[in-house]
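First, one chain by itself in structure tokens, the form predicted alone.
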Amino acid sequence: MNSTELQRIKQRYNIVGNCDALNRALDIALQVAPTDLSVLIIGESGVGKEIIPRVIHDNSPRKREKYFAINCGSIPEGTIDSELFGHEKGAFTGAIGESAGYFGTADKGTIFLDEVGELPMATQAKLLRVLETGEYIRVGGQEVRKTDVRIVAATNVNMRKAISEGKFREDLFYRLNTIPIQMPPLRDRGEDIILLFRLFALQMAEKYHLPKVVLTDDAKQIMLHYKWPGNVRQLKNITEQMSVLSEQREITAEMLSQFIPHDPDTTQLAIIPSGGNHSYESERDLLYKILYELRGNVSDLRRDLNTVRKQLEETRALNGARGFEPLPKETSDTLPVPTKSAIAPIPTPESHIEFAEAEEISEFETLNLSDIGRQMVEKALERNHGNRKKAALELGISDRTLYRRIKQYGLDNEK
């Protein structure tokens, strides 16, 4: 494309800039316009991707037909099929009439699918069918319909990554990517940044009858070296802020720093620090820490169980040495656990505790009163000088149970 034709296109669509990457994108758009090939525009958010499909449509044989620009990311997943392909009456709640959808309405025209990477997988399959055969079915319908639509799509996501993560169909990507057009980010456009600033400043001055803001040489250098994560959209916003808020019309570097964020690497992803007590470099490190703590808990469990076993053995030996007289089984009831140390923690699979040990603990927790004899009750009363409440507390039984044992052994008749 010659320079005259290029300047004509820039003037018609109010495109400012002379960088090679931008000129290349416009050149490809004009070359592909007379065809019906699908086009995929790739570029960061805010670079002006929406200009290219308009250039393609206006310079194509379809220029007298309808043109629709659709933001796929702004339509809810539950209604996007109805918006694109239409629906029949009663297809869903609220469908009081039928709808032709964008593909039905834009027959013979052009549809621009912005943020096409946000389409649900089910909708992607239907879009692929339209691209390959021109056929589609309305929501709630059965009739196969035909449409002749030129599709131009745009995305700001890494499509290769989206495909590898299963978020975008590979066959649809290749079908859309017949003619790729790469839009350059603002930080790579050099002097175009200053040209765009002048345009936006002039527009604000004319619209609001304000003196036009200008940049000093040092302020221009800051503009040229800034990363511009929001691209042309961010530059326009900052220019508008300076036009309204700045008292002086000549913007110096110091004044410019009040409007431009100080972080020059805002295009980078946030990095989570790997150090600290509560952060881990990976899930594997977190798992190792959990296993390490679990191993410590298992060791503590073993220690507690050994203590319980020793207490059990000592209690049995003590009961045997005292020669307790068993009580009749029909009058026996269970004792609560004498001390909290007899309660073992819940075992885990890693503790390797034998079943026999668990039975011993259970037996210790449910000692029967048949193991407590007359002699033990007598000694408890003697040590507490006949105070039944203290004696019952020492034996680990209730006052009522102790009273029944005293009557049964005939100790209430002894003086």
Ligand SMILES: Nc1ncnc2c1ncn2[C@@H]1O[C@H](COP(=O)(O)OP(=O)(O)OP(=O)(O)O)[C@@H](O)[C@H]1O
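Just so it is clear, the structure is predicted and the values come from calculations on it, not from any experiment. Don't overthink the numbering: it's just position in the shown sequence, from 1.
The form predicted in complex with the named molecule is left out here; the points below concern that form.
In summary, the region of this chain contacting the named molecule in the predicted complex, judged by heavy atoms within 4.5 Å and restricted to 247-255, 118-126, 100-108, 194-202, corresponds to 194-202. At least one heavy atom of residue 232 is located within 4.5 Å of the named molecule in the predicted complex. The closest heavy atom approach of residue 49 to the named molecule in the predicted complex falls within 4.5 Å.
Although the partner is absent here, residue 387 lies well away from the named molecule in the predicted complex, with no heavy atom inside 4.5 Å. Not displayed here, the named molecule is kept clear of residue 11 by more than 4.5 Å at the level of heavy atoms in the predicted complex.
In the predicted complex, every residue of the candidate spot (15, 44 and 189) has a heavy atom lying within 4.5 Å of the named molecule. Contact with the named molecule in the predicted complex, judged by any heavy atom within 4.5 Å, is made by just one of 147, 243, 82, 156: 156.
Taking a 4.5 Å heavy atom cutoff to the named molecule in the predicted complex, the contact residue among 236, 227, 87, 220 is 236.
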